[in-house]
Ligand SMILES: Nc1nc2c(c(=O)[nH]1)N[C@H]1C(S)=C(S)[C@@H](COP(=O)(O)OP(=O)(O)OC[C@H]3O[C@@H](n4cnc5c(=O)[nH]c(N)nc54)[C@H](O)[C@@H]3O)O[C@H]1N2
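Heads up, the chain below is alone and in the form predicted on its own; it's given as structure tokens.
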Amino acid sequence: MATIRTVCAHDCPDMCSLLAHVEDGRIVRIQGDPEQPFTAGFACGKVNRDMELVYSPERLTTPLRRVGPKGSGAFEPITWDAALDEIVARWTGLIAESGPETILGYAYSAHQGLINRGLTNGLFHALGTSRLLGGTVCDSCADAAWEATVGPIGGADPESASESDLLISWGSDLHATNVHLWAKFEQARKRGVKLVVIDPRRTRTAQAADLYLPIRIGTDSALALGVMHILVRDGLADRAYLAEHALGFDQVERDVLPRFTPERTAAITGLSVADIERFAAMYGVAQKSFIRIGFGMSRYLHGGQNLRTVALLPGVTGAYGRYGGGAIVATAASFDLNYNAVRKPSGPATARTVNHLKLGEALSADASIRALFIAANNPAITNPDTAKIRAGLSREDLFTVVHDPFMTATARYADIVLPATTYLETEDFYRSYGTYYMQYGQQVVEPLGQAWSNVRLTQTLAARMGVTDPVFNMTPPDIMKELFRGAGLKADPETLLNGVAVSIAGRSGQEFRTPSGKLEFYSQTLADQGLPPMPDWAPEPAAAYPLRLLTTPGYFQSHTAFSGVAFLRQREGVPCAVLHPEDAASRGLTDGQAIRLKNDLGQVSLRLRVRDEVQPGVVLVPGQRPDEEAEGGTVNMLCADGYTDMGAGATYQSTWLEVSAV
């Protein structure tokens, strides 16, 4: 039996180093790599079963051409040559007739490899097609808020939690999406370190907390400002640190904090004054408090202000200045690689840009997009206002190609569906976005059936389309070397090819890369954009419906990339919506019945679960699930494609609706 070291490519901050055990050319076991300090020898319950993903009977194994109406899933097998001939003929014809911007192509986050994802985007950049502004359905608001506050640099090293004296999970369910950080937290708690969890849902993480704060959705900035108010009131602010490393705290202290008394903070957040005071006291005496900030709080109308304000909190106590203290949202900005060598090898400096969350609008009948290519993404499920997405995908004059291991909801609308490899059938280079590790992942087994990797497909299409940039003829190891050529991150690519994970983390306090070089309580960058330069909280406009939607990752179906594993679907259970007992009783609803979630955008049907894990007034829908598994529809049909206050991101958590029996 052979053991091959590789890397998990799922969209997850942990980026686990894995050991795949292979017998007779087939994966028989997957485990975490014990030599990687963060992975620490275990993988999550989802990835442990990724051999079932590879060998799923639902895998696509041959190219397909549509023979029925779009969305019907009616296809016939064709050869790769026939598929490529048709794709190239359609693309070259459109370019000759109307120019390259009539085509939109992209690869997204279902494969986190910098090569399999980046090279596909590089092909469309070189062709001069329309370009996807990616990340707006996920993290662009969080990134913009963090950058305006701390700068384009990663946050605290998650491994430093081993030296923290207070742990805070703020809007992040570590059991679902960051299980290896949870393991680090557990180790610290054995030393007596306390854990505070701030989350609208009583998650598994919250159930284990020493203090759980069930905050109202969208009020995170108010709580952070209320804590700052108490820290100043009680003389717990680190004045020396603020004077040397912060900008504008005096203005915030004068103009903002007086409005966030414990009583007003309690009224806004739904928390008790006693719990707010208790949390502030714990935070104020800690020297090395560590905050894990979740992306979820930024997917809200005022999401940037939410995340920015929480990110300022460690500056008030000086926690940013100590290893083991501070806050983390992501780490990717610290990996200073030459990404453009892969993503932008050539092509015009500017081209039409399509915001990812507005993809449905871009595909509307009066839009000029006439060809679409999608890899490693399922926007017919994951985008906001998915009904608009599907209406665009239904256009008969839109030539759509989808490259995926499975027949997804998006693929059912395609004209050509191409079978893609899983990450275990490819090789690639990875850098984490939740740790400071990077690693080269080896191919574990040969592709199933006629599946091709993104790299192989991209390089084949480049040759057929006459794109001659050298990167489209290189092997993955040589492409990785281009990422380091002229990069600020100094490392020997050759040493990475042995597959051992390498950390770029140091042991110093937080560095700030803002224009001032300091933690910016006052941001001139935001002021120049017409945005509030100081942290604050403002209510949302009045809602037309009484219940608020909360979407969270599922424990076994965090996104549709895991839908191909029947065991995990069964463990997660049927797609459901969770209501507080008070809300269920007032509507005459009982546990287990089919219910309809409805607002002005449409309606979906799910199974009701009556639980007190959410507060009254909230509807929880966990996990990204294909609509064919539910009673009808996918919950993102109810989410509008509006913008967050920063970063032009999606506002999933600003969705209001009503629930009734089917």
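Being a predicted model, the structure only gives us computed values, none of them experimental. Residue numbers here begin at 1 and follow the sequence given.
Although not depicted, the form predicted together with this ligand is the subject of the following passage.
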Any idea which of 360-368, 170-178, 442-450, 259-267 reaches within 4.5 Å of this ligand in the predicted bound form, heavy atoms considered? 170-178
In the predicted bound form, the residue from Gly218, Pro535, Gly155, Gly325 with a non-hydrogen atom within 4.5 Å of this ligand is Gly218
Answer key: of His229, Arg299, Lys184, Lys288, within 4.5 Å of this ligand in the predicted bound form (heavy atoms) is Arg299
Is this ligand in the predicted bound form close enough to Ser140, Asn355 and Thr435 that every residue in that trio has a heavy atom within 4.5 angstroms of it? no
Contact label in the predicted bound form: Ala222 to this ligand, heavy atom within 4.5 Å: no
With the cut-off set at 4.5 Å between non-hydrogen atoms, does Thr552 touch this ligand in the predicted bound form? yes
At 4.5 Å between heavy atoms, is Ala561 in contact with this ligand in the predicted bound form? yes
Contact with this ligand in the predicted bound form for Thr525, defined as at least one heavy atom pair within 4.5 Å: yes or no? no
Suppose contact means any heavy atom within 4.5 Å; which members of 26-54 contact this ligand in the predicted bound form? Lys46
